[in-house]
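Before any questions on how it binds or moves, here is one chain, the form predicted alone, in structure tokens.
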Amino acid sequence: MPLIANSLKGLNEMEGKNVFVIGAGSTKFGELWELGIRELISIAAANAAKSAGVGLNDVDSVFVANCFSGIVNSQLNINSICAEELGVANCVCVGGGDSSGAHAILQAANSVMSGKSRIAMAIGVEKTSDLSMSDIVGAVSCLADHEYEAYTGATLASLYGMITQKHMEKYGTTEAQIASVSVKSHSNAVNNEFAQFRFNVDADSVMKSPVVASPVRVLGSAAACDGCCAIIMCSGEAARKRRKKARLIGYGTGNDVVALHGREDITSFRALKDASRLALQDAGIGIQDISFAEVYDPFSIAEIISIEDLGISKAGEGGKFIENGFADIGGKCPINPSGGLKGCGHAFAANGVRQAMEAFIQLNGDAGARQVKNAKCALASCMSGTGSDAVVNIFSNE
């Protein structure tokens, strides 16, 4: 059945209901053997509260996103764990696969805009290092269509391999262009204290790394990891006197069929196109007004297609855009200045919140060596699986 994008009643249609990010905190990303779900939540939440200059007792509500705690930690009621650790009685668990962290931000924002919360927190947390590689592959395959894809042995890597191959055939995208995604991401991650892979790679090493699912290679794939990020959100009134803040000026969501065989074109993410159109419309701006973008990149082709679907480059030219340096920190539109999933590590439910944290850091000029010059407006796009779900959040410092 075809899916029809619905319009959203956005932020700019709700008079006087501005919502701001006033603080952000994180754990490091990586194989955090010594930390469990409870500790990850506590560390990130405490760091976010400190950043915002508030106490945890000032937080009215918490929206916590998680993907795999039921599989990895045998613990489904993460919201109750969160309430217990933080001392906040109103905690809600948010699902949605990889993009659940971005959905948690929308829930927190809606809580603030409705007046039910004065100060809300959005958290994304994931713990996967306790799983074996085969178990991780099995868990992640839950993000694909079980009946038509995972059940028959397809993994996300093999599905993205199909997407990559089709994009190469259709547009002439080269291995060198695909490798340039990893080169850029690692270069940015070197200067991100929270990132897991803080080292440079060259294109030759990427193209010679082992094949995961042809033509996808190891160094073109993001590694599952542990991590937790949190942001503090409040109303315009509460944020008025704060020096450091970022306003959520627009958002949009989109969906597509889960299985690749049901899509008209696997070289484009329709869910992302719909979500970005709604978000830009909501914010009242065009893509040319975006200073930089944080996009979903579990495999390099996802970043290339995201650049195209967002309208940052023309269809089929995302690889060239990156290869030519236009996506670098000093380029036309920097992409993933944080290092993205490839450089930071792929802590599934934490991705969307980490992107918002990067927006907050950049828009307040605190990114150090990876700072985007004159950053005024940030776009964060997060997807799940092979792009069946998408959320786009847009932040501004004005």
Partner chain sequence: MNVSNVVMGWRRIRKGNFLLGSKCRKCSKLHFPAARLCKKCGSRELEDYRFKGTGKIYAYSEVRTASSGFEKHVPYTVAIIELDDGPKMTAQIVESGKVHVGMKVESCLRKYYVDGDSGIIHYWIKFRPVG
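None of these values were measured; they are calculated from a predicted model. Numbering follows the first chain given and starts at 1.
Missing here is the form predicted together with its partner chain; even so, the following discussion is about that form.
Comment: its partner chain is not present in this chain, but in the model of the complex one of G316, G236, G138, G311 has a heavy atom within 4.5 Å of it, namely G138. Checked against its partner chain in the model of the complex, the candidates G153, G325, G284, G172 yield a single residue with a heavy atom inside 4.5 Å, and that residue is G153.
Although the partner is absent here, L260 sits close enough that one of its heavy atoms falls within 4.5 Å of its partner chain in the model of the complex.
Interface membership of D204, defined by any non-hydrogen atom within 4.5 Å of its partner chain in the model of the complex, is ruled out.
Put simply, I266 is close to its partner chain in the model of the complex: some heavy atom of it is within 4.5 Å. At the 4.5 Å threshold, heavy atoms of V212 reach its partner chain in the model of the complex. Contact annotation: its partner chain lies within 4.5 Å of heavy atoms from the stretch 143-151 in the model of the complex, the single such stretch among 186-194, 143-151, 243-251, 119-127. Using a 4.5 Å cut-off on any heavy atom, the residues of 159-190 that reach its partner chain in the model of the complex are, in sequence order, G161, M162, Q165, K166, E169.
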